[in-house]
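Next up: just one chain, as structure tokens, the form predicted on its own.
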Amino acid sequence: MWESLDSWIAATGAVAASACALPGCFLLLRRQSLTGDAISHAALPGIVLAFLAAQMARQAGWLSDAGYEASRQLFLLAGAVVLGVGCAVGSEWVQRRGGVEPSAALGVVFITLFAVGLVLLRLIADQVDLDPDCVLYGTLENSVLDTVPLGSLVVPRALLRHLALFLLNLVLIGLFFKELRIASFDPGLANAMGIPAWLMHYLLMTMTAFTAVSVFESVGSILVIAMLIVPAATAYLLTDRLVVMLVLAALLAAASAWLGHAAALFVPRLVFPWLGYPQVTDASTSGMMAVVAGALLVAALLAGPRYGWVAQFLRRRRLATRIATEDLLAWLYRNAERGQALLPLESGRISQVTGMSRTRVRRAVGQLVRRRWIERTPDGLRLTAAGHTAAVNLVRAHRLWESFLAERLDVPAARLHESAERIEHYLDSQMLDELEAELQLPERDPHGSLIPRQARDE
């Protein structure tokens, strides 16, 4: 059953995930997605040390219990931001002084800091209420129980905190959008334009560290890492515009949160009884949000309109069909030059005389018939007037390119046909006119074949 509490859980997770997705887009564009992962791990010792500092301040009487509760989040933020930015600074130092490549330097620093954090966490686990599982998976389900009145509503405190973080990231990106964009795509150009690329780098690192620790307590490190990387990567597969990418990443992160919480409630009840574990009735919301985010990434990989595998396969197939169609068209024209204007009707015989596979022949013939470039007669296939025009322009491209290679680049005659066979499908009429003018209107190609003049559609 979906209850009002579930809506607050999903909404809190959605806002937290969207806040992570915004800096994640710039990390992806800078090819520093691992930096988000590194900062999330490197922040752990900062959180533990800040937690210890707050505990010591309360035990020493410097902070009251109320003051401790009010300032604990600030302590954690400060500790995590310092260690997160320190991770970025330290990795650059190791890279410069050690002469290692960037990802290796980053890996050394963040693994070391994370190991230190785990050791500290284990040392104090018996003295303080800091659960390692909560560090990994968060307490999103419990965080919504801490509420504050907001008008007629009672709203989870974590939701308001994450909403403020999302708006802060949005404002920072809006204020420095041009600088962040240029520094992300071309740091050298940014420096030449007077934009300090190093400052934008550390602004992004600070934003990432601040975001990571702010949502760390609620959703844990797993969801922080997932939402810094996966929605941005998914949006990158769907668009080439940065503004659209930022909007899509935030929406995808929010959708992952809502669908992930629904999956955490309902999927285990449907799946685990079939696996022999009827006692398992739910799952970690943060974990399922990360799973759904990954599923959306897979969907974009498969069905993305431009970079999806299905779209790329269809484009390659259309290109292959177009090339086969034009090859067959050119073959018919050359055959007509030799006084044989007809082509057999059977695809098997066409395959034998042209050297194409039967599948390509069937597709090519079907395409030519649909475009009315050939017509079927009782004796065979024959070019129509429109087909003859298209064939003339294609053969003209082939023979002009052969002439250009032979005259200007001194390519051996034996290699001319192979090169022209590829390039003829991509030369437009303007380029052909320029080639013709460059070669001073040649009449024949290097093989002695007549170069036809450009044909116009009637």
Partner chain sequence: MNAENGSGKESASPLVIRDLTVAYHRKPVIWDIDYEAPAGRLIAIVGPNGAGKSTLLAACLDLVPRVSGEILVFGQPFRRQRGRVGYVPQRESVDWDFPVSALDVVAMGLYRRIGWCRPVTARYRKLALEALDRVGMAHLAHRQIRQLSGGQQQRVFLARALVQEADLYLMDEPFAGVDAATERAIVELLRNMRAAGKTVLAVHHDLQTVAEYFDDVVLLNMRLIAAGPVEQVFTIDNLRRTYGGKLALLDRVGHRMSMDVQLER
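Positions refer to the first chain, counted from 1. Everything numeric in this text was worked out from a predicted model, so none of it was measured.
Beyond what is shown, the protein has a form predicted together with the partner chain; the following relates to that form.
Although the partner is absent here, D240 lies within 4.5 Å of the partner chain in the predicted complex, judged by heavy atoms. In the predicted complex, the partner chain lies within 4.5 Å of some heavy atom of N191. Not displayed here, the partner chain is kept clear of P268 by more than 4.5 Å at the level of heavy atoms in the predicted complex. Although the partner is absent here, V310 sits far enough away that none of its heavy atoms falls within 4.5 Å of the partner chain in the predicted complex. A single residue from the set L319, V298, A385, L175 has any heavy atom within 4.5 angstroms of the partner chain in the predicted complex; that residue is L175. Of the residues R315, R96, R376, R338, just one reaches the partner chain in the predicted complex with a heavy atom at 4.5 Å or closer; this is R96. Partner proximity in the predicted complex, defined as non-hydrogen atoms within 4.5 angstroms of the partner chain, places exactly one of 155 to 163, 322 to 330, 301 to 309, 224 to 232 at the interface: 301 to 309. With contact defined as any non-hydrogen atom lying within 4.5 angstroms of the partner chain in the predicted complex, the contacting residues in 173 to 189 are L175, F176, K178, E179, R181, I182, S184, F185, D186, G188, L189, given in sequence order.
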